[in-house]
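First, one chain by itself in structure tokens, the form predicted alone.
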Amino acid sequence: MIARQTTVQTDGSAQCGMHAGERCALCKVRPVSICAALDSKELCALDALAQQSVFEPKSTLFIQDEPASTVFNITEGVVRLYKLLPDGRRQIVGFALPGDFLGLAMADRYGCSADAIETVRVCRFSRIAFGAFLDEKPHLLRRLHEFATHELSLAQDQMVVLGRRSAEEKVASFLVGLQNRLARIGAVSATVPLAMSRQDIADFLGLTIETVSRTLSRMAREKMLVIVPGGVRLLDPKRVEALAAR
């Protein structure tokens, strides 16, 4: 089991010198998270339930099949979500970004494991307390339903990606999808930051690391993108989008 490395502020509002709820109101990811459905008084109530935690790179938020006792709202960083297969292989099922909530599934145990790829900051909640909070906020439940519908759409898209697409189409779909998700949280740029490793991308797309590296190099030779430190810059986004849409 991977050791958990967390730093928890048990009295966040007092330490920051903020009134209850002010931290939530100033949160940069609030507009794209389910918290956007809450007014200032409701944010105060939610803030009272939250603990602030920091996970260092490669540390674990939770492990597949553990009791799902905690809900996480990512406020900074990228999280790798994966399942361990019976034969010991790893299948990455997604990457969580700021604004994403983890641990909200109905099951009593986590359906996958979650690791920090880079330094990750979260608001964490007792699942029981958060569930009780949700029960009193039908408008928040509606917002949660919208998120669940969006996540289902992403899962369906991933099934298509893992189907009969070529390696180039898979990589293009991954880059365009990540760019669009980052744009939702205000990170609009021709450069797509890749906090995850080539191996992570390969495991997510059902490819080998060699295939991912060769595909990116070929796309660079064809002037579709240029590989830059920490990511790629799309030089011909329309062509990449066309590949992703096949």
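Start at 1 with the first residue shown and count on from there. What you see is a predicted model, and the numbers here were worked out from it, not measured in a lab.
This protein has a second form, the form predicted together with the DNA, left out of what is shown; the following refers to that one.
With a 4.5 Å cutoff on heavy atoms, Ala167 counts as touching the DNA in the predicted bound form. In the predicted bound form, Ile227 approaches the DNA with a heavy atom inside 4.5 Å. For the chain shown alone, Val54 is not a contact residue for the DNA in the predicted bound form, no non-hydrogen atom being within 4.5 angstroms. Interface residue remark: Gln199 is counted as part of the site for the DNA in the predicted bound form, having a heavy atom within 4.5 Å. Per the 4.5 Å heavy atom criterion, the DNA in the predicted bound form is contacted by stretch 191 to 199, the sole one of 42 to 50, 177 to 185, 66 to 74, 191 to 199. Residues Ser197, Arg198, Gln199, Gly206, Leu207, Thr208, Ile209, Glu210, Thr211, Ser213, Arg214, Ser217 are the members of 196 to 221 with a non-hydrogen atom no more than 4.5 angstroms from the DNA in the predicted bound form.
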